[in-house]
Every structure is written in C-alpha cells, then in structure tokens.
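Heads up, the chain below is alone and in the form predicted alone; it's given as structure tokens.
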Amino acid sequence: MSEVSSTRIGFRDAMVTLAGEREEVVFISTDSILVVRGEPFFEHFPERVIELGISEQNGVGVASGLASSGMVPYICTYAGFLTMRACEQMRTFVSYPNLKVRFVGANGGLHGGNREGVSHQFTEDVGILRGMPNFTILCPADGAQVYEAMLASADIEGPVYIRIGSGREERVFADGTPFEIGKIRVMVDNGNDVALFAHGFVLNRVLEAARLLKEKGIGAKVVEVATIKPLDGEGIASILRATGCAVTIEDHTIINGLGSAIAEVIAEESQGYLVRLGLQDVYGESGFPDELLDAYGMSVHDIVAAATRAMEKKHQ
C-alpha cells in the first residue's frame, strides 16, 4: 500500500511553523479547525484562532479587514465553500484590493467522494479563481509539498490559494523537497515523444503511465505544473516545442483548469496537439478516490491511451 502524506496535516504543520516565526499570522476558522486537524495550532496559539462558525462569506470579510490592518490571515475550509459560497467576497474584498490573505481549500477534486459525496467534492475551484486578477494558485501534490508551498508563499504579496485534499493523499515527494512557485518541474524525462502535464493528487498515476509507455518504447516527459497562476508559460512552451504533443491530467474539470491553461500556451506561444483528461463537463459521484479517478477517465491505462492518441495526431 502506498504511503499516505496528508495534505491537511501538511497545512496544519506549516501553520504552526509560520505562527511560531511570525506574530502576524492568524487562523480564521469557519467551523473548520477540526476538518483540517488544526487542534495543535489551537493548543499553541489559542489567541490567534478566530472561530466564526459556518459563515464563509463573513470569514473572508474578516480576513480582508485583518489583512488591511497588517495581519496575515489564513482561512481554510472546504474548497467550494470558499470559491463558490464566498466567491464575491474573495473577488471584491481581497482580489480587487490585492490583500495578503491566504485561502486553503480542502477536498479539492474527487478525493472526498466516499465520505461526503458530490456536495463536498470540488472540481471547479481552480477554474473559478483563474479569472481573478492578483491571485497566486498553487496545487501541491502531497502533504510534504503543501508544507513547503505554505512556507514558500508566505511572503507573496496579494492573495494566495492553496489546494489541499481529503487527507489521504499518496506520497509523491520526499520531505524537504523544495516547492518553487511559478516554475514547472520535470519529474521524468524518458524522451520527446509526448509530454504528460499534471498536478496534485494524480501524479503517481502519471508516473506509472510514463513507466508503461517506456516499456512500449515511447519516451514521455512527466511535468508537474503545481503553480497554475502565475503559469510558467515559457517553460511549458519549451517542453511543447520538444514533444509536439501533450496530455493534461487533472482532478478537476477540464474547463478553465490545467488543460485550458496548456491549451492557451499552445495557442499563443507554441504548437502541438493536446488531449485533456479530467472531468469532461460532468459532476462526480460518491465513491472511493481511486475508483472515481478510474471511472472518470484518469486511470493509468487511460493516460497511456491518451498519450498514444496525442502522438497519432502529431504524426497525421
């Protein structure tokens, strides 16, 4: 069984570290401190927890006020309760004045499916925020990378959104692996036949697909795009110029997420054929994470087949 590296614990541990170093860091909870396993933060810094109950719109308003007064508020709850329920407040009271508020969205993707179902699965969150100016959007792969992303983003001016999952994510990176904001990361380079762009909780599947492609004599590059905004367009274009075709894999709708971002780079900066894997303009359903990813076309074999299709288009 794969080792678990909980993104929720990665967030919690980074919060404790940051608060120990910076007295301006505060945790805004909208009845969510237990959701993100934040008890240790409350034990260490009870005076820096502001509990507002189930009132996400109010929470973003409070965060805006604190940020405008020199504090650095972190508000963490379910991703959709922020990006949907409090979308207007995120836009008007944080994005527009470009305030230093940190939003951390739990249950990004299909990973919460077996416990809470479609009401607590959020596959639109990245797409909603891509259209808001000033936002930095980060999609770390596992708990260790959430921890590093939290620390790396601490000094960024303006709002930051960090996507986390259900707390049952597979380990991808070793503890202490740096998280570089705004840059892609080539994880595997087996050749220039096809590029596999991915982020977040599907990366281990993509790595396995690259191994199977290599056995078939197909050289794939696995490229992590953990920063969705600002996008490393130059780095992505360089990969596309080498391969001429690509597949995107994301635990998110294909609309306005990673697949759309890569398509924009192709349209403006490079050439290539693209196959997008993710939710195909549908909602998810209840089920275990791995079963759901398989059911919605993101299995290892789906990735291999998509790579083959992209290569066929390139050679037509």
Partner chain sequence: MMSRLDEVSRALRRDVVEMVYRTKDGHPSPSFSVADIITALYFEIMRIDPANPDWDDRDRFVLSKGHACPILYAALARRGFFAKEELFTLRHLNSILQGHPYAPKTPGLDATTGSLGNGVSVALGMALSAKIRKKAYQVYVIVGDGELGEGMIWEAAMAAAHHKMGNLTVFIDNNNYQSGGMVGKISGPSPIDEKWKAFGWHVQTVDGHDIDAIIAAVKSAHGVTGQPSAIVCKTVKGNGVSFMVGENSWHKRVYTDAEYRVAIEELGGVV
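Every value quoted in this text rests on a predicted model; they were computed, and no experiment measured them. Positions refer to the first chain, counted from 1.
Separately, the form predicted in complex with its partner chain exists; it is not shown, and the next lines address it.
Out of the listed residues V35, I255, A263, I50, I50 is the one that sits within 4.5 Å of its partner chain in the predicted bound form by at least one heavy atom.
A heavy atom within 4.5 Å of its partner chain in the predicted bound form is found for one listed residue only; from S55, Q271, Q280, S286, this is S55.
Under a 4.5 angstroms non-hydrogen atom cutoff, its partner chain in the predicted bound form has Q89 among its neighbouring residues. Put simply, F173 is far from its partner chain in the predicted bound form: not one heavy atom of it is within 4.5 Å.
Contact between G219 and its partner chain in the predicted bound form is not found at the 4.5 Å heavy atom cutoff.
Shown alone here, A154 lies farther than 4.5 Å from its partner chain in the predicted bound form, counting heavy atoms only. The candidate stretches are 222 to 230, 202 to 210, 68 to 76, 185 to 193, and the one lying within 4.5 Å of its partner chain in the predicted bound form by heavy atoms is 68 to 76. Taken together, the three residues G61, F93 and P97 all come within 4.5 Å of its partner chain in the predicted bound form, as judged by their closest heavy atom.
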